[in-house]
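Starting off, we have a lone chain in the form predicted alone, written out as structure tokens.
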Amino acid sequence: MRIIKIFKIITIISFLFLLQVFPQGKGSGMGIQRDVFGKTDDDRIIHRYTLSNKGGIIVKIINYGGIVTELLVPDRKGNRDDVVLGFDSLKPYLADHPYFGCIVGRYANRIAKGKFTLDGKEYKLATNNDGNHLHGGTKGFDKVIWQANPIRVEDGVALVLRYNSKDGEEGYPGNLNVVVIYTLTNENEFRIEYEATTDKPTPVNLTHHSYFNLVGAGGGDVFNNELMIDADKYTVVDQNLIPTGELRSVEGIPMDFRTSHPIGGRIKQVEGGYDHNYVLNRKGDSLSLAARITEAKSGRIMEVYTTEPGIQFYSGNFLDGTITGKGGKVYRKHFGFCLEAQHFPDSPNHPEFPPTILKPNQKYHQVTVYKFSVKK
């Protein structure tokens, strides 16, 4: 019986290994390919997975940080451009960089002073941003190696990423088992599904952190990208970008993107630029439209759908020209924007915000979709 079980395990492993690469079928345009992207400082191999669909979209993902290194999208003439910022090789991703294209966790955004109290106990997290906790800490999910397995799904191809965050990692309680599924559909949707379970109550807030520029990465500032965010309110923050607890109306101020406006149209009226969580207009937790970005020159349109209550709009304020990215292009201030679907920043310290504490008998689940099209 033991030999039979071992044989079954070996068979399953062999089958999964054969599934590591799904080449494009003739004329299908759909597939996954795997290659070596580089090695870490301790000689661990990092793989890159290339997903393609029938619409001509190509997404490249590495299992270090779950980073989207390239996202090639056709314009109105059918010409593909890479619309996310990043690097050509692994080494710069291993160094300090502004979270290009990664999975962010265990808690996206900021937790004030790296502290929160749960069930009467105070927890102290790693502080890595002006005395506050940002994007999971010193070594968040963006800096770990994920277990990766490609799969076929009914409407496209997908990459399943798994990571077990140990009890006490970066100060968080509980062993957290995380699954993130990247799917590229033939409807030109880049879908990200997140799941997590824990053995102790713990805060969880996961998101994706690509810097987009619909003209193309390194193609200039994003001021002419027109943005709509379906939100009547945003979370007011202090000088360290920590929420005060106030949810303020966007009516009559430069924060109002309920109708489309160029990102650069009123940015000089916002101190430091946009880096704010918007309170989405939504009922329930079903997938719904949160934002739309249109770029007139290329005709590209990106719509963001999510099950989350908020979305962080960041206008690349801290890009300063010191980073040289793909193709030798320098990334200057406002050369990319982020739209990070999430729960609100510092929620563990704000009981009035939607809750972010995951308990052992619960499952964390959220879905965010970036859907691409072109305006003729």
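Because the structure is a prediction, the values reported are computed rather than measured. Counting begins at 1, following the sequence as shown.
Omitted from view is the form predicted in complex with a small molecule, to which the following refers.
- Only one of G171, P98, P74, G273 comes within 4.5 Å of the small molecule in the model of the complex through a heavy atom, and that residue is P98.
- L241 is the sole member of L241, L118, V160, A112 with a non-hydrogen atom lying within 4.5 angstroms of the small molecule in the model of the complex.
- Contact with the small molecule in the model of the complex, defined as a heavy atom within 4.5 Å, is made by none of F37, K143 and W146.
- Among heavy atoms of H209, some come within 4.5 Å of the small molecule in the model of the complex.
- Contact annotation for H135: at least one heavy atom lies within 4.5 Å of the small molecule in the model of the complex.
- At least one heavy atom of Q312 is located within 4.5 Å of the small molecule in the model of the complex.
- Mapping the unseen interface onto this chain, E308 falls outside it, with no heavy atom inside 4.5 Å of the small molecule in the model of the complex.
- Per the 4.5 Å heavy atom criterion, the small molecule in the model of the complex is contacted by stretch 314 to 322, the sole one of 328 to 336, 314 to 322, 56 to 64, 29 to 37.
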